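Presented as structure tokens, the chain that follows is alone, the form predicted on its own.
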Amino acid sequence: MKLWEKGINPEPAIIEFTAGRDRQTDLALTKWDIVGSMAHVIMLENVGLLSKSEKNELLKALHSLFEYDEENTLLIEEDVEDIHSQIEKEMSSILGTTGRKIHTGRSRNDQVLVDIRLYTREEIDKLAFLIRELFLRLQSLSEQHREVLIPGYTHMQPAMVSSFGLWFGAYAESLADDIVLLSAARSLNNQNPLGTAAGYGTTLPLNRRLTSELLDFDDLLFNSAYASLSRGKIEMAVASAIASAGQTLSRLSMDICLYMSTEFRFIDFPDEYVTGSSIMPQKRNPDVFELIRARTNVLQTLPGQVAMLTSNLPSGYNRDLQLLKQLVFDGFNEMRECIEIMLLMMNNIRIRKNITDNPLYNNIFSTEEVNRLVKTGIPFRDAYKAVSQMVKNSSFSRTVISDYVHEGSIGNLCNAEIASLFEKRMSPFRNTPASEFAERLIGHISD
């Protein structure tokens, strides 16, 4: 079944190629296609394009499909092009003529658009709350190990005194910035395209504000022609947010790979959380973090892939846009898996203490000796030259955490302030499941 059939049997190879992976990918949209259709049906009755009894029949049938999908997964049949066609076929089978009215006032373009935006909103929300879990774990580790000193590096050389508190806290705050981009992507995404039809509106008297309200959109996607143009722009925003979080995880993973090495030995994990070698008995490999690093590095190419797919397209719908779905869907899945395994590892990390007792790291205290002399009134450049001589014989004093008082230093991590900022930035995210929408919409059945 094809929604665009006109009595001509298309060449099977053409259908196979143009459908691509839609018959698999579209299963992720099933519940949202049903929810969007329920809102559309309520609106059609509101403007007089359906009778009350037709609305009730359609809502009951759609809700039954939703429940079936929840229990068994609604599959796309061999001769059906996509999930939108499958649901319309199911509705026609259940309700006959009434079922065939469900497409009134819609194009597959705005139907796909609303499905993708509802799916994307849910995935953004789920990702935000998962990032929050990792943020809280990193902050907890920061507090737990705030007084354990480690060398801080610049140019891959020991540079100044740092701490595990500062290190864990740095990646927590990085996630707080990632949430800003994710929130911006959500805001751009949460505009209602339903009713823009094929990109040029319709002569039917649709009530687009009603469907916006029913589906919890912030507002309309107003200009019908922009509905098609927005594809690629929204995906770019989402891809950039995913890439940003990917960069945080990639750099954290790189640090962990270094810190687990024999030369560093700052951190470790139980034997059950590392891998080994088929030939070298001593090996304890950080494979998990190497794969997080690799997979999130690939995720950082996602904005470029979206840009290459859409940058030279003309206005209006073009079939190229079909490929955006797989890119973004895979991006969400990859990021979710990486965060989940990172959480598992962070829950089992082992921290080594007394690292800076190693004479190798004596010189990382030299800058603080310069500062101590400055506080006695010696000009900074003179103090710097004096301490540079001390470096040769390591005759300067070690500092302690209490010497660090300014915001963001190892003695004043500002974790509470960062946590407050993070929670404030989490306010746009809702994580409302499709089942809640379905139950809310079925309540519009009237006597």
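Residue positions are given as counts along the sequence shown, with the first one as 1. Only a predicted model underlies this, so the values are computations on that prediction, with no experimental measurement involved.
Beyond the structure shown, there is the form predicted in complex with a small molecule, which is absent from this document and is the topic of what follows.
Chemist: Taking 4.5 angstroms as the heavy atom distance cut-off, pick the stretch from 234-242, 79-87, 187-195, 272-280 that is near the small molecule in the predicted complex.
Modeler: This holds for exactly one stretch, 79-87.
Chemist: Can you pick the one in Arg137, Arg108, Lys101, His145 that has a heavy atom within 4.5 Å of the small molecule in the predicted complex?
Modeler: Contact residue from the list: Arg108.
Chemist: If the cut-off is 4.5 angstroms on heavy atoms, which of these, Arg293, Arg132, Arg121, Lys325, is the one near the small molecule in the predicted complex?
Modeler: Checked against the cut-off, the match is Lys325.
Chemist: Is Val114 close enough to touch the small molecule in the predicted complex, meaning at least one heavy atom pair within 4.5 Å?
Modeler: Val114 lies outside the contact set for the small molecule.
Chemist: Any chance Tyr259 has a heavy atom within 4.5 Å of the small molecule in the predicted complex?
Modeler: Tyr259 lies outside the contact set for the small molecule.
Chemist: Counting only non-hydrogen atoms and a 4.5 angstroms cut-off, does Tyr317 reach the small molecule in the predicted complex?
Modeler: Within the cut-off, so yes.
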